[in-house]
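Quick setup: one chain, the form predicted on its own, written in structure tokens, and binding and motion questions come after.
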């Protein structure tokens, strides 16, 4: 799947690049869904990279195909998990045991990359050692600014908060601390006046 070119936006909105092989004794790669494609391309660019890599992969709804291709790359370690929360204990252990020079590669959905970046930076990994590349779903991880609840995989604007039920406007304002975009009540000044939802980026 080709990379999606996000339209120009405000400064807080994350900007993603392309993964490139870097020199290092150890490489941590975290991906979900179609993010596996970026890791496969990375391996093709540097055949020796996988022997020094630990991959954490969440297939989402892509089936077993990508997992099989990642296995065939022969990484030093490969974890395939059902969800990002299920993978967090492993991720934290890998980061806690990491040595200087660790290179981190994040690819897939914005929700995965934001959360994994927070974990890496909390463990002391410098921002310069973390690469990101968006692949796959355009769904957003959204926080309701009213109830503070998080709604995963938002694809329409406005959307209904999964916690308090308010109809929220999808904003580009992004909280790196929460790894989530911010949603504000769309009918705050005119209760009940809710526009029809439209698909993001359509």
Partner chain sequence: MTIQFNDETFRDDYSFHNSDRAIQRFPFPFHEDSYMYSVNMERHKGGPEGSVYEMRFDVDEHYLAEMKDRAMVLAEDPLRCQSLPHMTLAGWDLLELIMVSKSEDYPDLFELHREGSNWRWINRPMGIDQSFVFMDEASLPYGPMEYITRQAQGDFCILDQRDDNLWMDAGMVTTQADWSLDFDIGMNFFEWHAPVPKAHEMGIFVRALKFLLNIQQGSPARRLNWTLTVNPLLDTSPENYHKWGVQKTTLTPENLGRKQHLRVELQTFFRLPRSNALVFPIRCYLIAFEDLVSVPKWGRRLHRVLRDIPDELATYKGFIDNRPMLVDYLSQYDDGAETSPGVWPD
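Residue numbers count along the first chain shown, from 1. Computed from a predicted model, the values in this text were never measured in an experiment.
Just so it is clear, the following notes concern the form predicted in complex with its partner chain, a form of the same protein that is not shown.
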Which single stretch, out of 59 to 67, 44 to 52, 28 to 36, 167 to 175, brings residue heavy atoms within 4.5 Å of its partner chain in the model of the complex? 167 to 175
Would you classify residue 23 as touching its partner chain in the model of the complex, given a 4.5 Å non-hydrogen atom cut-off? no
Check residue 163 for me: does it contact its partner chain in the model of the complex (non-hydrogen atoms, 4.5 angstroms)? no
Any of the heavy atoms of residue 194 lying within 4.5 Å of its partner chain in the model of the complex? no
Is there any non-hydrogen atom of residue 139 lying within 4.5 Å of its partner chain in the model of the complex? no
Looking in the model of the complex, is its partner chain within 4.5 Å of a heavy atom from each of 5, 8 and 134? no
Any residue of 123 to 149 that, in the model of the complex, places a heavy atom within 4.5 Å of its partner chain: 143, 145, 146, 148
